[in-house]
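In structure tokens, the next block holds one chain alone, the form predicted alone.
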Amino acid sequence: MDQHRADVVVIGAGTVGAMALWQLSKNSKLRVVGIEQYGRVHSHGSYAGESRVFRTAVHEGGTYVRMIQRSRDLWRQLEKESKQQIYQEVGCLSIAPEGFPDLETALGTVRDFEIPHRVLTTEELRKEYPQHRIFDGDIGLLDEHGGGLRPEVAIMSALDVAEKNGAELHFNTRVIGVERQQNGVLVRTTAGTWLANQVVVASGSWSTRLFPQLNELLRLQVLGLTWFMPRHPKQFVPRKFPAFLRDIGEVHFFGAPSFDGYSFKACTNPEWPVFRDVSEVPTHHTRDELIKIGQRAAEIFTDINPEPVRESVHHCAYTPDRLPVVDLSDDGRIVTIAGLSGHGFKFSPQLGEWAAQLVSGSTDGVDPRFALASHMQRLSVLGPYAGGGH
């Protein structure tokens, strides 16, 4: 097969790959190539599923706040460059019993970082958000910079802008091997080989197939999505119904307003095990799982039909402590971004910007805990990700 040359090859054109290609394509001096095993914007990746919750009042703590705030600016920049609507800033509403640990962490985050927000009492929640069934003792935190992202639109927009800037994209092309050589990195694909000065690994759940160290570190968690039809869909449109997180005991729901006009997204995951390879991940919920999820949804949302009108099953690679891998190899040849651990789409523009920065050789601003060596050191103590559903 033919051998081609490139300055940078990006493996994967999904959540991280699309954002990396967008950022790298801004440097007109680089020949940037993206290689994707599926078509342009597909249903197999971790990003698929119509919407993603965007929140700055994160319950994971302050580690991610600056990344998310920077990403908020970059989402707006991508909208401007692509002329597409990607981010609807309708707020993100967290509801849980007063004193619930995740909610307390999020409340600390909004105070520490001065994030615009409202704290709502039980009665205020009942009055302002009748779509939710509010229980005695529930309080709410409305993150005013939160909202809903349109992931497929985001990926398409980033790829289109990258291509317009001169990036060369190859779809339906599988990478079958990556080899360091004296004069670069050889990327073998089903459609030929590329010799690149540098490679960005952005292949998500498939990264474990190409890189043994990642296979040792990462595990795949299953993520199930469900949509329900309310009897009054107009009550669930974005201007009336923010993106949300709900916690009741051990039950956790998350979701987004209606973007299709008849259903809204409300998801909670069964107790799926973790997996080592994408081929092992189930492709659908079972009938019993859907019944149970529907029953739970009917308990916390008012006036909805408990039968999901849509469902899909996805996956994401997790690290043991849920910190992402953002790494530049010692020789400067390979940039690796992986292990988004189910919460990375919201700050993927920052990851794409970091990818371009790492290609230039700079690690400034990247948390040193994200480095692969740091992950592997912690792995020896924590052990691999054990998992468990929501």
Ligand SMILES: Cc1cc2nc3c(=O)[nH]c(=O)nc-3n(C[C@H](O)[C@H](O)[C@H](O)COP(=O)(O)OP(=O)(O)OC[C@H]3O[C@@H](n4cnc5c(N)ncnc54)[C@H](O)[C@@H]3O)c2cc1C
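So that there is no doubt, residue numbering starts at 1 and follows the sequence shown. Please read all numbers here as calculations on a predicted model, not as lab measurements.
One more form of this protein exists, namely the form predicted in complex with this ligand; it is left out here, but the text below deals with it.
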All of Leu214, Thr268 and Ala371 with a heavy atom within 4.5 Å of this ligand in the predicted complex: no
Considering non-hydrogen atoms and a 4.5 Å limit, which listed residue (Ile248, Ile291, Leu195, Leu210) is close to this ligand in the predicted complex? Leu210
Going by heavy atom distances of 4.5 angstroms or less, which of His314, Arg219, His117, His132 would be at the interface with this ligand in the predicted complex? His314
Only one of 78 to 86, 283 to 291, 119 to 127, 223 to 231 sits within 4.5 Å of this ligand in the predicted complex by heavy atom distance, namely 223 to 231
Test of understanding: in the predicted complex, would Gln357 fall inside 4.5 Å of this ligand by heavy atoms? no
I'd like to know whether Val16 contacts this ligand in the predicted complex, with contact meaning heavy atoms within 4.5 angstroms. yes
Given that this ligand is not shown alongside this chain, does Ser71 nevertheless sit within 4.5 Å of it in the predicted complex, heavy atom to heavy atom? no
Is Pro349 close to this ligand in the predicted complex, meaning a heavy atom pair under 4.5 Å apart or at it? no
Within 4.5 Å of this ligand in the predicted complex, which residues of 195 to 210 have a heavy atom? Give them in sequence order, or say none. Ala202, Ser203, Gly204, Trp206, Leu210
